[in-house]
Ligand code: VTB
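Next up: a single chain in C-alpha coordinates, the form predicted alone.
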(Lines give C-alpha, C1' and ligand atoms only; values in the text may rest on other atoms or scores of the structure.)
Protein backbone atom coordinates (compact mmCIF):
# COMPACT_ATOMS: atom_id res chain seq x y z
CA UNK A 1 0.00 0.00 0.00
CA UNK A 2 1.14 3.51 -0.70
CA UNK A 3 1.45 6.45 1.64
CA UNK A 4 -0.83 9.47 1.39
CA UNK A 5 -0.14 11.42 -1.76
CA UNK A 6 2.72 13.86 -1.74
CA UNK A 7 0.10 16.50 -2.50
CA UNK A 8 -1.51 15.78 0.88
CA UNK A 9 1.82 16.44 2.60
CA UNK A 10 2.26 19.62 0.58
CA UNK A 11 -1.22 20.75 1.59
CA UNK A 12 -0.26 20.22 5.25
CA UNK A 13 3.06 22.06 5.14
CA UNK A 14 1.57 24.81 2.97
CA UNK A 15 -1.23 25.29 5.51
CA UNK A 16 1.39 25.58 8.25
CA UNK A 17 3.46 28.09 6.29
CA UNK A 18 0.41 30.24 5.64
CA UNK A 19 -0.78 30.03 9.25
CA UNK A 20 2.59 31.34 10.46
CA UNK A 21 2.60 34.46 8.28
CA UNK A 22 0.90 36.76 10.85
CA UNK A 23 3.68 35.85 13.30
CA UNK A 24 6.68 36.58 11.04
CA UNK A 25 8.76 39.30 12.68
CA UNK A 26 6.66 39.44 15.87
CA UNK A 27 9.20 37.75 18.17
CA UNK A 28 6.61 35.16 19.21
CA UNK A 29 8.16 31.75 18.56
CA UNK A 30 5.54 29.76 20.44
CA UNK A 31 2.66 31.61 18.83
CA UNK A 32 4.03 30.86 15.37
CA UNK A 33 4.76 27.24 16.28
CA UNK A 34 1.28 26.76 17.68
CA UNK A 35 -0.32 28.13 14.53
CA UNK A 36 1.74 25.73 12.41
CA UNK A 37 0.84 22.75 14.62
CA UNK A 38 -2.88 23.52 14.42
CA UNK A 39 -2.73 23.92 10.64
CA UNK A 40 -0.88 20.62 10.14
CA UNK A 41 -3.33 18.77 12.36
CA UNK A 42 -6.29 20.21 10.46
CA UNK A 43 -4.99 18.70 7.20
CA UNK A 44 -3.46 15.43 8.42
CA UNK A 45 -6.15 14.59 10.98
CA UNK A 46 -8.78 13.54 8.41
CA UNK A 47 -6.26 12.22 5.82
CA UNK A 48 -6.72 8.64 4.63
CA UNK A 49 -3.84 6.97 6.45
CA UNK A 50 -2.79 5.70 9.88
CA UNK A 51 0.07 7.89 11.03
CA UNK A 52 2.07 7.80 14.27
CA UNK A 53 4.31 10.72 15.25
CA UNK A 54 7.77 9.36 16.06
CA UNK A 55 9.63 12.66 15.83
CA UNK A 56 7.69 15.56 17.27
CA UNK A 57 9.07 18.89 18.36
CA UNK A 58 7.34 20.24 21.43
CA UNK A 59 9.05 18.56 24.37
CA UNK A 60 12.50 20.01 23.75
CA UNK A 61 11.37 23.58 23.10
CA UNK A 62 8.50 23.71 25.62
CA UNK A 63 6.37 24.67 22.63
CA UNK A 64 2.98 23.53 21.29
CA UNK A 65 3.64 19.97 20.18
CA UNK A 66 2.75 17.32 17.76
CA UNK A 67 3.80 14.97 20.53
CA UNK A 68 5.65 11.67 20.16
CA UNK A 69 3.16 8.85 19.86
CA UNK A 70 0.30 11.07 18.66
CA UNK A 71 -1.89 9.40 16.05
CA UNK A 72 -2.82 11.29 12.90
CA UNK A 73 -5.07 10.35 10.03
CA UNK A 74 -8.53 8.88 9.77
CA UNK A 75 -7.36 5.47 11.02
CA UNK A 76 -7.82 3.76 7.66
CA UNK A 77 -5.48 3.09 4.77
CA UNK A 78 -1.69 2.75 4.88
CA UNK A 79 0.32 3.03 8.10
CA UNK A 80 3.32 5.33 8.42
CA UNK A 81 5.79 6.73 10.92
CA UNK A 82 5.88 10.53 10.91
CA UNK A 83 8.75 12.91 11.59
CA UNK A 84 7.58 16.49 11.69
CA UNK A 85 8.81 19.97 12.45
CA UNK A 86 5.85 22.26 11.81
CA UNK A 87 8.19 25.26 12.02
CA UNK A 88 11.87 24.61 11.40
CA UNK A 89 13.67 27.84 12.21
CA UNK A 90 11.42 29.33 14.90
CA UNK A 91 13.92 32.11 15.57
CA UNK A 92 14.19 32.90 11.87
CA UNK A 93 10.41 33.27 11.72
CA UNK A 94 10.24 35.34 14.91
CA UNK A 95 12.90 37.73 13.59
CA UNK A 96 11.69 37.73 9.96
CA UNK A 97 14.95 36.16 8.83
CA UNK A 98 15.41 33.86 5.82
CA UNK A 99 15.27 30.06 5.72
CA UNK A 100 12.39 28.98 7.94
CA UNK A 101 10.03 26.33 6.61
CA UNK A 102 7.58 23.59 7.57
CA UNK A 103 8.74 20.00 7.06
CA UNK A 104 7.24 16.52 7.31
CA UNK A 105 8.75 13.11 6.54
CA UNK A 106 7.08 9.69 6.33
CA UNK A 107 8.58 6.20 6.53
CA UNK A 108 7.33 2.67 6.98
CA UNK A 109 6.05 1.74 10.46
CA UNK A 110 8.93 1.01 12.83
CA UNK A 111 11.50 2.40 10.39
CA UNK A 112 12.56 5.58 12.21
CA UNK A 113 15.00 5.79 15.09
CA UNK A 114 13.06 6.96 18.15
CA UNK A 115 15.25 9.36 20.16
CA UNK A 116 13.22 9.32 23.37
CA UNK A 117 14.96 11.66 25.86
CA UNK A 118 17.93 12.38 23.55
CA UNK A 119 17.60 15.97 22.32
CA UNK A 120 21.07 16.45 20.77
CA UNK A 121 23.03 14.51 18.16
CA UNK A 122 26.36 14.85 16.39
CA UNK A 123 25.63 14.62 12.66
CA UNK A 124 27.32 14.16 9.33
CA UNK A 125 25.31 14.55 6.12
CA UNK A 126 26.70 14.41 2.56
CA UNK A 127 25.20 14.17 -0.91
CA UNK A 128 24.99 11.21 -3.28
CA UNK A 129 28.52 11.64 -4.67
CA UNK A 130 29.99 10.91 -1.25
CA UNK A 131 27.66 8.11 -0.13
CA UNK A 132 29.76 5.37 1.48
CA UNK A 133 32.97 7.38 1.16
CA UNK A 134 33.30 8.82 4.68
CA UNK A 135 34.08 7.25 8.04
CA UNK A 136 32.56 9.41 10.79
CA UNK A 137 35.06 8.01 13.29
CA UNK A 138 38.02 9.18 11.19
CA UNK A 139 39.97 12.32 12.13
CA UNK A 140 38.57 15.49 10.56
CA UNK A 141 41.41 15.81 8.06
CA UNK A 142 40.74 12.27 6.80
CA UNK A 143 37.01 12.89 6.59
CA UNK A 144 37.55 15.98 4.50
CA UNK A 145 40.15 14.31 2.27
CA UNK A 146 37.66 11.53 1.54
CA UNK A 147 34.89 14.04 0.86
CA UNK A 148 37.10 16.04 -1.49
CA UNK A 149 38.04 12.93 -3.46
CA UNK A 150 34.42 11.82 -3.71
CA UNK A 151 33.34 15.23 -5.01
CA UNK A 152 36.34 15.80 -7.26
CA UNK A 153 37.39 18.92 -5.37
CA UNK A 154 40.36 20.22 -3.46
CA UNK A 155 39.93 20.24 0.32
CA UNK A 156 40.35 24.00 0.24
CA UNK A 157 37.23 24.31 -1.90
CA UNK A 158 34.98 22.37 0.49
CA UNK A 159 32.33 24.26 2.47
CA UNK A 160 30.94 22.67 5.66
CA UNK A 161 27.67 23.91 7.17
CA UNK A 162 27.81 23.93 10.97
CA UNK A 163 25.89 25.58 13.78
CA UNK A 164 27.80 28.35 15.54
CA UNK A 165 27.60 26.97 19.07
CA UNK A 166 30.22 26.56 21.83
CA UNK A 167 29.71 22.78 21.62
CA UNK A 168 30.94 22.88 18.01
CA UNK A 169 33.94 25.18 18.62
CA UNK A 170 36.59 22.46 18.44
CA UNK A 171 35.08 20.95 15.30
CA UNK A 172 35.10 24.36 13.63
CA UNK A 173 38.80 24.72 14.48
CA UNK A 174 39.49 21.22 13.11
CA UNK A 175 37.71 21.94 9.84
CA UNK A 176 39.64 25.17 9.34
CA UNK A 177 42.94 23.53 10.34
CA UNK A 178 42.32 20.88 7.68
CA UNK A 179 42.07 23.61 5.05
CA UNK A 180 38.33 23.54 4.38
CA UNK A 181 35.88 26.42 4.79
CA UNK A 182 32.97 26.74 7.21
CA UNK A 183 29.49 28.20 6.83
CA UNK A 184 28.62 29.28 10.38
CA UNK A 185 24.91 29.45 11.08
CA UNK A 186 22.74 30.46 14.02
CA UNK A 187 20.28 27.62 13.30
CA UNK A 188 18.85 25.46 10.56
CA UNK A 189 19.99 21.84 10.94
CA UNK A 190 17.59 20.58 8.29
CA UNK A 191 18.49 23.46 5.98
CA UNK A 192 22.17 22.51 6.21
CA UNK A 193 21.38 18.90 5.41
CA UNK A 194 19.28 19.89 2.39
CA UNK A 195 22.00 22.20 1.08
CA UNK A 196 24.48 19.30 1.32
CA UNK A 197 22.08 16.89 -0.42
CA UNK A 198 20.77 19.06 -3.24
CA UNK A 199 22.72 19.38 -6.46
CA UNK A 200 23.86 22.88 -7.40
CA UNK A 201 24.36 24.17 -3.86
CA UNK A 202 27.69 25.41 -2.44
CA UNK A 203 27.54 23.35 0.78
CA UNK A 204 29.41 20.02 0.68
CA UNK A 205 28.48 18.62 4.11
CA UNK A 206 26.57 19.26 7.30
CA UNK A 207 28.58 18.51 10.44
CA UNK A 208 28.35 19.14 14.16
CA UNK A 209 26.02 18.79 17.11
CA UNK A 210 22.44 19.89 16.64
CA UNK A 211 18.98 18.54 17.34
CA UNK A 212 18.26 14.81 17.32
CA UNK A 213 14.79 15.24 15.75
CA UNK A 214 16.35 17.24 12.93
CA UNK A 215 18.90 14.45 12.49
CA UNK A 216 16.20 11.84 11.88
CA UNK A 217 14.30 14.15 9.54
CA UNK A 218 17.54 14.77 7.63
CA UNK A 219 18.19 11.03 7.45
CA UNK A 220 14.85 10.50 5.70
CA UNK A 221 15.78 13.13 3.10
CA UNK A 222 19.28 11.68 2.70
CA UNK A 223 18.00 8.16 2.13
CA UNK A 224 15.31 9.27 -0.29
CA UNK A 225 17.85 11.30 -2.29
CA UNK A 226 20.67 8.74 -2.29
CA UNK A 227 22.91 10.69 0.07
CA UNK A 228 24.44 9.61 3.36
CA UNK A 229 23.79 10.49 6.99
CA UNK A 230 25.42 9.50 10.28
CA UNK A 231 24.33 10.37 13.79
CA UNK A 232 25.72 9.87 17.29
CA UNK A 233 23.84 10.92 20.41
CA UNK A 234 25.52 13.85 22.16
CA UNK A 235 23.44 14.90 25.19
CA UNK A 236 24.20 18.43 26.40
CA UNK A 237 21.86 19.27 29.27
CA UNK A 238 22.33 17.73 32.75
CA UNK A 239 18.77 16.39 32.82
CA UNK A 240 19.16 15.07 29.28
CA UNK A 241 22.43 13.32 30.16
CA UNK A 242 20.80 11.69 33.17
CA UNK A 243 17.75 10.58 31.16
CA UNK A 244 19.85 9.15 28.33
CA UNK A 245 22.03 7.25 30.79
CA UNK A 246 18.96 5.93 32.62
CA UNK A 247 17.55 4.71 29.30
CA UNK A 248 20.83 2.90 28.53
CA UNK A 249 21.25 4.68 25.20
CA UNK A 250 24.56 4.43 23.33
CA UNK A 251 26.38 7.77 23.03
CA UNK A 252 29.65 6.32 21.67
CA UNK A 253 28.68 4.57 18.45
CA UNK A 254 27.79 6.32 15.22
CA UNK A 255 24.48 5.26 13.69
CA UNK A 256 24.46 4.87 9.95
CA UNK A 257 21.71 5.70 7.50
CA UNK A 258 19.90 2.38 7.93
CA UNK A 259 20.03 2.76 11.72
CA UNK A 260 18.38 6.17 11.53
CA UNK A 261 15.73 5.16 9.01
CA UNK A 262 15.30 1.62 7.67
CA UNK A 263 13.15 0.55 4.76
CA UNK A 264 12.91 2.16 1.36
CA UNK A 265 9.42 3.65 1.16
CA UNK A 266 9.83 7.31 2.08
CA UNK A 267 8.18 10.67 1.56
CA UNK A 268 9.55 14.09 2.40
CA UNK A 269 8.04 17.53 1.96
CA UNK A 270 9.07 21.03 2.98
CA UNK A 271 7.38 24.35 2.27
CA UNK A 272 8.95 27.77 2.56
CA UNK A 273 7.78 29.98 5.42
CA UNK A 274 10.21 32.85 4.95
CA UNK A 275 12.27 33.47 1.81
CA UNK A 276 15.40 31.36 1.74
CA UNK A 277 18.14 29.59 -0.18
CA UNK A 278 15.87 26.72 -1.22
CA UNK A 279 12.28 27.95 -0.99
CA UNK A 280 10.32 31.18 -1.03
CA UNK A 281 7.78 32.49 1.47
CA UNK A 282 4.07 32.30 0.71
CA UNK A 283 2.83 35.15 -1.46
CA UNK A 284 -0.68 36.59 -1.23
CA UNK A 285 -2.90 38.52 -3.55
CA UNK A 286 -6.54 39.44 -3.08
CA UNK A 287 -7.79 35.96 -3.91
CA UNK A 288 -5.18 33.32 -3.07
CA UNK A 289 -1.94 32.32 -1.38
CA UNK A 290 0.92 30.92 -3.48
CA UNK A 291 3.26 28.51 -1.64
CA UNK A 292 6.60 27.03 -2.65
CA UNK A 293 7.32 23.38 -1.76
CA UNK A 294 9.93 20.69 -2.40
CA UNK A 295 8.68 17.10 -2.46
CA UNK A 296 10.88 14.01 -2.48
CA UNK A 297 9.89 10.37 -2.84
CA UNK A 298 12.04 7.34 -2.04
CA UNK A 299 13.47 5.02 -3.14
CA UNK A 300 13.28 6.68 -6.58
CA UNK A 301 14.77 9.94 -5.32
CA UNK A 302 12.40 11.92 -7.52
CA UNK A 303 12.29 15.61 -6.64
CA UNK A 304 9.28 17.76 -7.39
CA UNK A 305 9.12 21.53 -7.06
CA UNK A 306 5.52 22.53 -6.46
CA UNK A 307 3.92 25.96 -6.43
CA UNK A 308 0.43 25.72 -4.99
CA UNK A 309 -2.35 28.28 -5.33
CA UNK A 310 -4.63 28.16 -2.29
CA UNK A 311 -7.81 30.27 -2.43
CA UNK A 312 -8.46 32.61 0.48
CA UNK A 313 -11.74 31.61 2.04
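The shown structure was predicted, so the numbers you read here are calculated from the model rather than taken from an experiment. Positions refer to the first chain, counted from 1.
Form predicted in complex with the named molecule: not shown, discussed below.
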| query | finding |
| --- | --- |
| Region of this chain that lies against the named molecule in the predicted bound form, out of 146-154, 130-138, 220-228, 184-192 [heavy atom, 4.5 Å] | 184-192 |
| In the predicted bound form, the residue from 158, 94, 72, 163 that sits within 4.5 Å of the named molecule by heavy atoms | 163 |
| Whether 88, 120 and 210 all lie within 4.5 angstroms of the named molecule in the predicted bound form by heavy atom | yes |
| Contact test in the predicted bound form: residue 214 vs the named molecule, heavy atoms, 4.5 Å | yes |
| Exercise: residue 167 in contact with the named molecule in the predicted bound form, heavy atom 4.5 Å | yes |
